[in-house]
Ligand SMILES: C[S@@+](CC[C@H](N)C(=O)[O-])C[C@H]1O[C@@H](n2cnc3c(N)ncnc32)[C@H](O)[C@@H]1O
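The data below hold one chain only, encoded as structure tokens and taken in the form predicted alone.
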């Protein structure tokens, strides 16, 4: 099982939290195992099982009918979001990898959520620009190339309904966000993104210290 212990958390306390969080079912565990077996070092791009449980809870609590995911990888987070959708809900996934999302497609079918998910393979900013102007989403989850985080937020802002949830992964970056960073580094990019979103009056936001950090923001 993918563990969620952040580097700043006592390991015993982290294990306590993990053991009292909704656990992956058989389909999810198979995907965790397959991702580690077939994607090598890239497997760390998969959200933790604890984050997955949180995604389902937030999706369900928000009464989400339409959701959008930017960065799908092998499909774990999309399974979790799809399972939290309201009856008749749908999830649109944006990614550029045919190889990794082929694993996702199989996992969605095994998890019984493939009928709720539409996958679009293309650079996300291109896909976002092509969506109908009247498109509206209740929840957006961003977990893709970090350099484009500000661009993704700008692109989805008109598509996210008032009161909708914006979720952004990796916003604590292994705790490096509190340390000096070289200009142009991923750490510096995330630091700037975090500062920008915190100052953005269009959102109310909080960085949850779960796994690698997940920002939860509500559009005003």
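Numbering follows the first chain given and starts at 1. None of these values were measured; they are calculated from a predicted model.
Heads up, the form predicted in complex with this ligand isn't pictured, but that's what we're talking about next.
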Should residue 103 be classed as touching this ligand in the predicted bound form when contacts are defined as heavy atoms within 4.5 Å? no
Residue 90: touches this ligand in the predicted bound form, heavy atom cutoff 4.5 angstroms: no
Is residue 94 one of the residues lying within 4.5 Å of this ligand in the predicted bound form, judged by heavy atom distances? yes
Interface membership of residue 122, this ligand in the predicted bound form, 4.5 Å heavy atom rule: yes
Of the listed stretches (111-119, 142-150, 129-137, 82-90), which one has a non-hydrogen atom within 4.5 Å of this ligand in the predicted bound form? 142-150
Using heavy atoms only and a 4.5 Å cut-off, determine which of 189, 45, 177, 50 is in contact with this ligand in the predicted bound form. 45
